[in-house]
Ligand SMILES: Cc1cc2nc3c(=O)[nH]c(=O)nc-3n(C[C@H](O)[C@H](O)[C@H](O)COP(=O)(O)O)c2cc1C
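Presented as structure tokens, the chain that follows is alone, the form predicted on its own.
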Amino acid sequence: MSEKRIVVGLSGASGTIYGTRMVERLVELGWEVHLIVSPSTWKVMQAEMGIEGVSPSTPLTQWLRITAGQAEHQVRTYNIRDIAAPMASGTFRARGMIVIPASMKTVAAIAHGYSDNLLTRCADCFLKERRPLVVVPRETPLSTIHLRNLLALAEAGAHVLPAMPGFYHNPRGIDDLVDFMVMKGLELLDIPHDFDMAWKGGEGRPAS
């Protein structure tokens, strides 16, 4: 199953909708998702998505719009403090890992090899094993420290994918902007998708 296995990490940055939509889309595409959620993510989710009463023990179906059957068979969750989980080792095989959204604290920890929890340890393993790691930072503006940490990640081999959606696909609402970032993440992980948001310009205009 490693060929269709992805690790998804959600850390406590604004933009939890990016992470939940990524998991939804991966499930729809038939991928096995190994999910790590930081404690602060639940608080952000309450504030941004209007989901009341969520916690690390909340059933996935209450905050991911997928069926119970899909969640049970395709999404596996882990306690962020469980350093003994399978993905804490470089022997864990998966197509890739995406941290979406990534807080600046998590970015700093991964950039400096500070593996103090399962999420950062797993990201460290993907870097050292030279496997795809996509980091989606969600912060603005960026300080010099933030920029240096993101550069360190890029130099270490991670894909840095800032949560900066495009507008050339003529989005009609927030969902279209979120899906644009999800599409970019899927492409960096080399996962086929059916989003139709590619740039279609370049034909020019007739001379007047």
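Numbering starts at 1 and runs along the sequence shown. These numbers come from a predicted model, not from an experiment.
Not pictured, yet referred to below: the form predicted together with this ligand.
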| query | finding |
| --- | --- |
| Proximity of Leu147 to this ligand in the predicted complex, heavy atoms at 4.5 Å | no |
| Any non-hydrogen atom of Ile174 within 4.5 angstroms of this ligand in the predicted complex | no |
| Partner proximity in the predicted complex: Val27 to this ligand, non-hydrogen atom cutoff 4.5 Å | no |
| Touches this ligand in the predicted complex: Ser103 (any heavy atom, 4.5 Å) | yes |
| The unique member of Val178, Leu35, Val160, Val44 whose heavy atoms fall within 4.5 Å of this ligand in the predicted complex | Val44 |
| Within 5-34, the residues that have a heavy atom no more than 4.5 Å from this ligand in the predicted complex | Ser11, Gly12, Ala13, Ser14 |
